[in-house]
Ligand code: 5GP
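Read the single chain below, which is given as structure tokens and is the form predicted alone.
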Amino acid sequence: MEATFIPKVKELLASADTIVIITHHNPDGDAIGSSLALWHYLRKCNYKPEIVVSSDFPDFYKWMPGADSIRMATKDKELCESLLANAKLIFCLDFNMAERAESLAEPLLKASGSKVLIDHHQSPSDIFTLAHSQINTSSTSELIYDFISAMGDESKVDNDIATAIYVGLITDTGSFSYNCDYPNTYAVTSKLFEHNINGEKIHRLVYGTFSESRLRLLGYCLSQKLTIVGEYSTAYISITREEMKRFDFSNGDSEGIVNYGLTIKDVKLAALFSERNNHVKLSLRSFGNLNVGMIARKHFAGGGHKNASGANIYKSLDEAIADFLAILPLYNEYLS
């Protein structure tokens, strides 16, 4: 962290009687994990923070300590907007631009409180009062551990904080299969187990409590919707709204499906297209030097990491897939 970051955060905290933590729309394990870890830490420091998010999050994260305290704009938008408007200090976690907060983007931009970014995505915007962005770190959850340590409060880390951070670590690295070549990631992981977290139980709660419909959707995607573009070492899957309805789709049911494409020998790029009400959600994964974060930004107004990224495409599903296939020749040097 920059030498001035922690002193400036401490200065802001000293005069902050109202604190809000906000993360991105459709929060994943890292968004929820980092937010809850910071929430528990600030409570141990005698603050009363609130967590707000624009949308609901998957059930397989709702067992986490404190998860029932998260405020969602889909359930009470007026309250979430009020909390942002009245906050003296706003911690922005796991996103780098206001647009990622979707329905809470405008209230966030209008909020007069100081905004502190802690994130690991490329190219953060300039809306933040303070920013700590470390793109080669596994997860924002890992950065929260570093933040607590830099604040001189490593002794305040307990089982609840360690559990939340571990969820963020395993979900943003695919159980340590990508975004995990940073030595500090393993040093932090080791420290988490000093707080008696149950790694096996956590992994099962996150990855082993699928609904029957979610598992059948996965099987359908792999048996019926998987397409291989051998010329460009690419695999992609698409899911229509009708198929989501058929499999009783719930928030989070498509999480992780994109990764299966990369388990195929010689496939270097995998994509998942999910048709939503007014857009197509694109998820990208890659191996090696193919930078899908750059691809998402350059071609689809999205973003993310070198080997994991995404975007919302405001076109039909067929058009989104056609646009994706059209750009593959541009990256032949990485895919051949």
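All residue numbers are counted from 1 along the displayed sequence. All of these numbers come straight from a predicted model, not from anything done at the bench.
From this point on, the text means the form predicted together with guanosine-5'-monophosphate (5GP), which you will not see here.
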I'd like to check something about residue 268: if you look in the model of the complex, is any of its heavy atoms closer than or equal to 4.5 Å to a heavy atom of guanosine-5'-monophosphate (5GP)?
no
Indicate whether guanosine-5'-monophosphate (5GP) has at least one heavy atom within 4.5 Å of a heavy atom of residue 67 in the model of the complex.
no
Whether residue 285 contacts guanosine-5'-monophosphate (5GP) in the model of the complex should be assessed with a 4.5 Å heavy atom distance threshold; does it?
yes
Taking guanosine-5'-monophosphate (5GP) as it sits in the model of the complex, is residue 308 in contact with it (heavy atom to heavy atom, 4.5 Å or less)?
yes
Could you spot which one of 132, 115, 214, 121 gets a heavy atom to within 4.5 Å of guanosine-5'-monophosphate (5GP) in the model of the complex?
121
Work out which of the listed stretches, 241 to 249, 179 to 187, 68 to 76, 94 to 102, brings a heavy atom within 4.5 angstroms of guanosine-5'-monophosphate (5GP) in the model of the complex.
94 to 102
Near guanosine-5'-monophosphate (5GP) in the model of the complex, with a heavy atom at 4.5 Å or closer, the residues from 276 to 303 are 281, 283, 285, 302, 303
